[in-house]
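Each of two forms of one protein chain follows alone as structure tokens, named structure 1 and structure 2.
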Structure 1
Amino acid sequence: MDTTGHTVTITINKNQYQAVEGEILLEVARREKIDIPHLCYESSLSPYGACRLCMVEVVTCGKTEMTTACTVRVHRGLEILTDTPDVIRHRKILLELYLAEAPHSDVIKAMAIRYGVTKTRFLKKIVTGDPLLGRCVLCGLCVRVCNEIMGAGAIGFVNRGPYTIVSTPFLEENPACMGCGTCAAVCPTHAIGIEDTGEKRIMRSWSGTPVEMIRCAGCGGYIGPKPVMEYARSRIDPVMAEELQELCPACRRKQVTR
């Protein structure tokens, strides 16, 4: 999309704000401390529009149309209403659906309470042995970050419709996983489990994929997953001095300042 860099004035809830043309509306709202709930948006990824919580109303010629704030690009004269009765009504139902889908997520519970939704009228998912702990809302952030940012493509969506889950191919250990943990870092509901046992990192949510850890040549402590370290080193330009490569940040600092 073209971001021309022009500053334009837009209207959110009858107040006027300055924004850059082409900017994502949700970014503007965040900057201006206007609360629009969302689960699937991440500024470094392409717009996705799946969680539907950021639905707002766009006013055009007196008519309103519902759309997601994470997919609207700012243009001159854009007029938005973020909490009309319709928006709130639908948001509450969506939160009830989330409470049923991810019954063990405290993040969802807290989000729902802010809208006065304390329980759900829908049948809650029965959670037994779920590697995602009954917290996954299928926002796809982990899948997208693994594909778009890390380039590993270790996880993806399995099945479709209400049977969709996120996992590794064929629900088997996946050597493509580098163990970087970016998935867990972006997960809005803290659903992804990672266990460090010392010499191994176990990706509990990703079919128990084990990832080898490497030790610091200096102090002997574990620095991080081997594939991540190799990946990172291959991308450092200029190349890091070989005697520094095998060291943890603390030992490296000592080495350099000695």
Structure 2
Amino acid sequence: MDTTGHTVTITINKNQYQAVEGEILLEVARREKIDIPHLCYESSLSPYGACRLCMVEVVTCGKTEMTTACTVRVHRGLEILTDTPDVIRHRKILLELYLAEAPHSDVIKAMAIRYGVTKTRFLKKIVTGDPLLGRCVLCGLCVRVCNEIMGAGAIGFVNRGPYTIVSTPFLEENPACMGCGTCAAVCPTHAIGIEDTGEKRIMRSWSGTPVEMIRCAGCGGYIGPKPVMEYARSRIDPVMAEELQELCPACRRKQVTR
């Protein structure tokens, strides 16, 4: 918990908790082990409430209003209900929709089962050539992290409406991809496939885009994707000694401790 702000008392499900004024409600719930399902929240990105699964009820003067926990900022006297009948009903309908959107996602199936949802009334999405194999819920995390954190912009939303998918422009190999794998790291449904083949990292989900790997000059093992290594070196201050730049962390430690 950030201790630089003012600590306030909030109420969640009739129980009181301490939190820092201004922090995100969903972060408080996670810290206090209060179950609020979510798909699109990532602490390194600004919240935008795309998945709507984290809906909760805010109590104000005896009246309730439903909103997303990832966009609510903590303030003194905040009162929240996370498991009312209306909230549960909302989540069940959403999970049915996600079962239709991502029919092959084991993550979504597991989330749905927790709420007693085992099938969907909605038409299941079938997109020919879907690069994410029916496991994507279009939360946008991979697109946002590629743009906002890495600055690569290698992937984006393709097509419109029920035909929308995430992929590279024109579904072709994109040299802008750095092969960092950050997209896969933030994907809540583990839909993104990456394969290391030695000298190449193949971004299977991104039209098979190949990314060159760098080999350690010491042990001969592969360190990581060349674009990522160059990106990191350009931001190191002071500049790393040239004889260390082509070494893996283990060989680098051996070199500097001689």
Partner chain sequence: MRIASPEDLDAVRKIGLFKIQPDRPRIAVGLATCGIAAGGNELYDRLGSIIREGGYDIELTKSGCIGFCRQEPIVSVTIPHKPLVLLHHVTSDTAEDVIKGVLQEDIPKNLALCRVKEWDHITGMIQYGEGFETIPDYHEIPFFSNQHKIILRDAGFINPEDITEYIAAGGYSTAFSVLTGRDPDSVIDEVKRSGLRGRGGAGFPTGLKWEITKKAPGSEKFIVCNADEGDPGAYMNRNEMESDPHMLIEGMLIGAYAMGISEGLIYIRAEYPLAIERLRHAIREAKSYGLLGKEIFGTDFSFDIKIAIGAGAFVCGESTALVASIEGKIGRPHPRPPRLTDSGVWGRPTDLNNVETWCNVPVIMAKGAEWYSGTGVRGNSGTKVFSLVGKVDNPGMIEVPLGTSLHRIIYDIGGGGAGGKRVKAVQTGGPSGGCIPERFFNTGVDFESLLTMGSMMGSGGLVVMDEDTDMVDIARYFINFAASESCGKCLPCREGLKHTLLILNRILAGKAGVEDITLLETLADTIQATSLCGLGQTATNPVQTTLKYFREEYDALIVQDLPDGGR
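Numbers given to residues start at 1 and step along the sequence of structure 1. Because the structure is predicted, anything quoted here is derived from the model rather than measured. So that the term is clear: the rigid core is the largest set of C-alpha atoms that superpose within 1.5 Å between two forms.
Structures 1 and 2, same chain in two forms; the form predicted together with its partner chain is found in structure 1. Core-aligned CA deviation for residue 77 between structure 1 and structure 2: less than 2 Å.
Core-superposed comparison between structure 1 and structure 2: the C-alpha position of residue 160 differs by no less than 2 Å.
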